[in-house]
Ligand code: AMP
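Listed next as structure tokens is one chain, alone, in the form predicted alone.
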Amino acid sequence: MNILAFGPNGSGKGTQGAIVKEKYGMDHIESGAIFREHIKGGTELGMKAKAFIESGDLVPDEITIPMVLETLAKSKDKGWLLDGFPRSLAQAEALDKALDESGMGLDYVLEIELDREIAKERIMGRRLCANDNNHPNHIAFDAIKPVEKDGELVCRVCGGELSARADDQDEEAINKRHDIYYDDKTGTMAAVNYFKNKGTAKVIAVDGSKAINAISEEIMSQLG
């Protein structure tokens, strides 16, 4: 089973992807993790991607696409959930062509819908766990608020150290990311609509403002 997961930054799609991975035993492939692996490894593509990521800009297709396709190929037999790619109409078209050429079918398109202002609030209040970035921690929501230990806030799930990404506190960088996502002409929403209109994969659209458990239950009920 192969799934494309869409949702604005702050929608919780990473958390839901981790839940689906656990349930179905597939690979959860995050474009950000692919970038981080290449950056950590000091690859040429990784160094090029780093400059764009730090400025909040979209990493160009000639850097992103080879990274993603290489990773998908490794997960061909196991199945995958791809999170964070494609982010533009051009990337959607390139991915669609590559999937056809490789014989990898797309089974589901998952879209987590969320109002832009709510997404921004979530980004600025979220905290990342050093042990697992998909452990939900947010200073503004009681249900997932970090816990206090020895005068410091720690992960509510595992007690790990928490931090805030610098670009999560930069409104200009957040707006750049959301400008890309909510653009339905050439941006990510155009990519979402491309796969929706193609009609070869089942579309699952869920309300991202709901509680984490409610969203995951709705997703699971529609996955085969």
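From a predicted model like this one, the values you see are computed outputs, not experimental measurements. Heads up: residue numbers just count along the shown sequence, starting at 1.
Not on display, but discussed next: the form predicted together with the ligand.
Candidate site formed by Trp80, Glu111 and Tyr194: none of these residues places a non-hydrogen atom within 4.5 angstroms of the ligand in the predicted bound form. Per the 4.5 Å heavy atom criterion, the ligand in the predicted bound form is contacted by stretch 85 to 93, the sole one of 111 to 119, 69 to 77, 85 to 93, 141 to 149. Of the listed positions (Asp167, Glu161, Asp179, Glu37), a single one reaches within 4.5 angstroms of the ligand by any non-hydrogen atom in the predicted bound form, namely Asp167. Contact with the ligand in the predicted bound form, defined as a heavy atom within 4.5 Å, holds for exactly one of Val59, Met26, Ile29, Cys155, namely Val59.
The ligand is not drawn, but in the predicted bound form it has no heavy atom within 4.5 Å of Ser216. Of the heavy atoms in Met47, none are within 4.5 Å of the ligand in the predicted bound form. Counting a residue when any of its non-hydrogen atoms is within 4.5 Å of the ligand in the predicted bound form, the one hit in 63 to 80 is Thr64.
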